[in-house]
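Here's a solo chain for you in structure tokens, the form predicted alone.
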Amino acid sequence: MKKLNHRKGGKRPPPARQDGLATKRQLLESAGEIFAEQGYARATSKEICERANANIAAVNYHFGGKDGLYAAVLEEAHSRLVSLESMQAAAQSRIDPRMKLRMFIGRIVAEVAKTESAGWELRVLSREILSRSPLMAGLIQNQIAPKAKLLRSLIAEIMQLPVEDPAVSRSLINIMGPFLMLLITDRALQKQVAPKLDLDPQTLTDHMVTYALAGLEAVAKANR
């Protein structure tokens, strides 16, 4: 009897690989939710796997353990806030640098100005900022530092100053500071500190861009 050659004819999809990718994505989402709710120390791989409907060994298989999973969650959260690829694409474009800054600020404002119904990404990052873990080092190296470098170059271009000028780094802090405040403080505290604060994304973006550009111009004039 002739043996059937299953390789001939129509190609079969690779279900094992597809299932593996789906499991990895579900683990990442479930872990993000649990880390946001409980923090890194209290969350367990068992609970994450149960929520993801995955085998208990899946965390080790896909991420090498809880530490690897948490590191992946941090990087995913920061990438969703503003991706390194989008910043690199903007940096390489021929758009006016002031417009690039508006695009960058607008993207972050759209995320940090969300209500409490926002996803787990901002809550995970705010927890990590307030209670730093050893896994923060990887986030800084892979996400924060490269993005800060691109933003410093953009600020230097707007100010017409060398990127190494201390005024450029100080200006970076001035621009990023408000985002940290919005990220780590809850809405109740924000309303107490600034009762009339308008978190409409377009209004807030317009204000922050106007304020940033005016400040950059004044500082640049004083340092040239």
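As the structure is a computational prediction, the values presented were derived from the model and not from experiment. Think of the rigid core as the biggest set of C-alphas that the two forms share within 1.5 Å after superposition. Numbers follow the displayed sequence, beginning with 1.
Beyond the structure shown, there is the form predicted together with a further copy of the same chain, which is absent from this document and is the topic of what follows.
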Of 180-188, 44-52, 61-69, 24-32, the segment with heavy atoms within 4.5 Å of a further copy of the same chain in the predicted bound form is residues 180-188
a further copy of the same chain contact in the predicted bound form: I175, any heavy atom under 4.5 Å
yes
I'd like to check something about A148: if you look in the predicted bound form, is any of its heavy atoms closer than or equal to 4.5 Å to a heavy atom of a further copy of the same chain?
yes
Could you confirm whether R152 comes within 4.5 Å of a further copy of the same chain in the predicted bound form, counting heavy atoms only?
yes
Does at least one non-hydrogen atom of Q192 fall within 4.5 angstroms of a further copy of the same chain in the predicted bound form?
yes
When a further copy of the same chain is placed as it is in the predicted bound form, are D19, S86 and V112 each within 4.5 Å of it, taking any non-hydrogen atom of the residue?
no
Would you give me the residues of 120-135 that have any heavy atom within 4.5 Å of a further copy of the same chain in the predicted bound form, in order from first to last?
R127, I129, L130, S131, R132, S133
Rigid core superposition, G39 Cα moves 2 angstroms or more between the shown form and the other one
yes
Taking the rigid core as the reference frame, is the Cα of E157 displaced by 2 Å or more between the shown form and the other one?
no
Please say whether the CA atoms of Q38 and I184 come closer or move farther apart in the predicted bound form, knowing the change relative to this form is 3 Å or more.
closer
Pin down for me whether the Q141-D67 Cα distance shrinks or grows in the predicted bound form relative to this form (closer or farther, change of 3 Å or more).
farther
